[in-house]
Structures are given as structure tokens and as C-alpha cells.
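Only one chain comes next, encoded as C-alpha cells, the form predicted on its own.
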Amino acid sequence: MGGEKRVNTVSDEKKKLLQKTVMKNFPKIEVHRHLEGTFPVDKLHQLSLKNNLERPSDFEAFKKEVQFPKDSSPDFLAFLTKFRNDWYRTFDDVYFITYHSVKELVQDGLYYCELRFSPEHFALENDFDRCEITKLIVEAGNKAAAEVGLKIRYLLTFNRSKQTSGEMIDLYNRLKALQIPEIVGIDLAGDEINFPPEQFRDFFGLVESDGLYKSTIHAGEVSSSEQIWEAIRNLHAARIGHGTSTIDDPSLQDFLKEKGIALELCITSNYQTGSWEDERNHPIGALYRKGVPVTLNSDDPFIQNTDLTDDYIKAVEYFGFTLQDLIRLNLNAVEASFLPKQEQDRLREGYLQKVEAFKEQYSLGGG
């Protein structure tokens, strides 16, 4: 009878967690989300109309043009076409879309977010000053976060297919001189295949020697695990963006466990880009059960026509993750965050308090 009661309890828990209205309120820690892929579609539509951009004025037609079809087959090139940098005409435009993007994060259950952005993306079309854009984005994000009670830090993204290592060093030196305390990390994104990690050793060697920021490297998403090894050994990666090819390399799995280097996994994004086309067999389930430090993230929810909650529901449905598993994923994210140890401890304490309130609200996890 005890076993039967336990099964029923687990079943009831799963039913609740599969409800989007419930899962949206589950407290979440996210360490891999791009601002450029987070815009609220209605606010972006407003911006498009204001600036007379060549986009549909009808909202539904606009959404269809700017978002990747949610249930479409994977198509990496089609996915990339959705990223545009011509939305902004003024500093006010950048402030507007950043403020509203950050303000909406709590609607997805976010308690803490390390939000990454590329100053180059926001500045390129109009040749805005990259330092001014960086200060503006942090100012807008901080204001929105304070209003909704979100804890937030920022990572600076450098795109390997758009800047050389030397150009990255030049921009990095200008940005670090701003001494913005909320910026805690450096991210390398872009084309893994044609611009492998070894081309950026000088840049990340400088970041490592400065000791101001930790680094996360997009690697092993559409490339082999060798790129992950390179990112760790020679680019000093403290986290790996995606890293799905880890599943093919047991020695790498052991190394990540030993060193506490977390993977920033993104189920929906990995499907849509074609980096992992079988969502129900995504490696997050197997890697988690092997003890590899994995985290669950949305990546670019606006582009994907989805949200982080959808990925959590998939984790429950596809991999049988329980409430305790989801909590563990988030504690992994706390431990992998680029916060100092004391701030991590405070974040963990506050997060667990939020979890207890969630459990009480939905009568979950008792006994």
C-alpha cells in the first residue's frame, strides 16, 4: 500500500508540473539567455511601426515573419535569419526594448538571470558608441529588474564570425574600463565550425589574466566534443554554452564532474537549430543522471516562439524529471553562476525560500 501511495503522489506531482499555469510559477535560475532573443513580440512590433521598418504592420503577420515556426522542422539557416540588428534608430529604442524584455522575465518564473548581450549587435546599424550602448542596456535592465524583484547580472557576448580576436581585445579593453559591477562574464558565440575556439586564445588568455570576469564558450553544439576540450583548456571556460556533444565523450563527462564545469543546455533551441533533432532523446536527461553538472535554459525564446517554462515541461514529460530534479537543476545553476561565493550562498538561500513558497502554493513535495 505504501508503494501504491507513493506512485499516486508522484503521478499527482507530474500532472501538476505539466500544467503550464503551474510550471510558469516554478522559481527558475537561468544562465544562458540572449537579450537579442528575448524581446517581447508586441513591444518589438511597436518599435517596428515607430521606425517605419519594412515589416508587416499586421501583428499576426509580423509575428510570422520575425519568429521561427514553433513546430517546424529544424533549419539552422532559417533560424539565423530571424536575428536582425536594424530594429533600433535611437538610444531610446535600445532602452525601450531592453527595459520591457527584462521586465517580462518574471512572468516566466525567473528569480535570477545572467542575461547576455552583444554591444556590437545593438550598435552596428547606426555605429552607436559601444560603451554608451553597454551602459544604457545595464541601466535599463537594472531599472526593470528592480521594479519586478528580479535578480540580474550580465554577460558580454563576442561573436566569433563577426570579430577577430584582435578586434575583440580592443572592444573588451574599452568595455572593462567602464567598471560596471553587474557585468560578471564574457561569452563567445557564433559559428563554431568556421571559427573554432583556437582562433581566440589571445583574447580569452587576456580575460583570464585580468581575473575580472569568468568565461562561457558556445562549443559542442554543432561540433564534436574536441571543441569543448579546447574551450576549457585554452579559452579557460568556466561554463559551456550548449555542449550537447558531451554525451559522446565519457572522459569529458568525468572531467566536467570533477571540475564542476556546467553545461548550459537548451532543449527547444537545440532542436530548432538542428544541433539535436530528437528532443525526446536530448542528452540533458542522460547527462543529469550521470551526475554531470547541467543547467536548463531557453537561449532565444522570442526567436523560438517559446519560453523557458516550455523547456521545463519537456524535461518533466520526456525525461521524467521530478520536482526535486528541477530544484537540483537550479541549484546547479546557482553553483555555476558567475557570482562570488558569498553572493551564491545568498542566492541559494533566497531561491530555496521561493521554492518552499511554490510547494506550499501548489501542495507539492510534502512528505
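Start at 1 with the first residue shown and count on from there. Please read all numbers here as calculations on a predicted model, not as lab measurements.
Omitted here: the form predicted in complex with a small molecule. The next part is about that form.
Residue 79: heavy atom within 4.5 Å of the small molecule in the predicted bound form? Close contact exists here: in the predicted bound form, residue 79 approaches the small molecule to within 4.5 Å, heavy atoms only.
Residue contact check: residue 274 to the small molecule in the predicted bound form, 4.5 Å heavy atom: No, residue 274 is distant from the partner.
Find out whether any non-hydrogen atom of residue 221 is located within 4.5 angstroms of the small molecule in the predicted bound form, and reply yes or no. Residue 221: yes, in contact with the small molecule in the predicted bound form.
In the predicted bound form, does residue 183 come within 4.5 Å of the small molecule, counting heavy atoms only? Heavy-atom contact with the small molecule at 4.5 Å: absent for residue 183.
Name the stretch: of 312-320, 294-302, 57-65, 327-335, exactly one has residues whose heavy atoms fall within 4.5 Å of the small molecule in the predicted bound form. Of the options, only 294-302 has residues within 4.5 Å of the partner.
Heavy atom within 4.5 Å of the small molecule in the predicted bound form: which of 285, 190, 205, 196? Of the listed residues, the single hit is 190.
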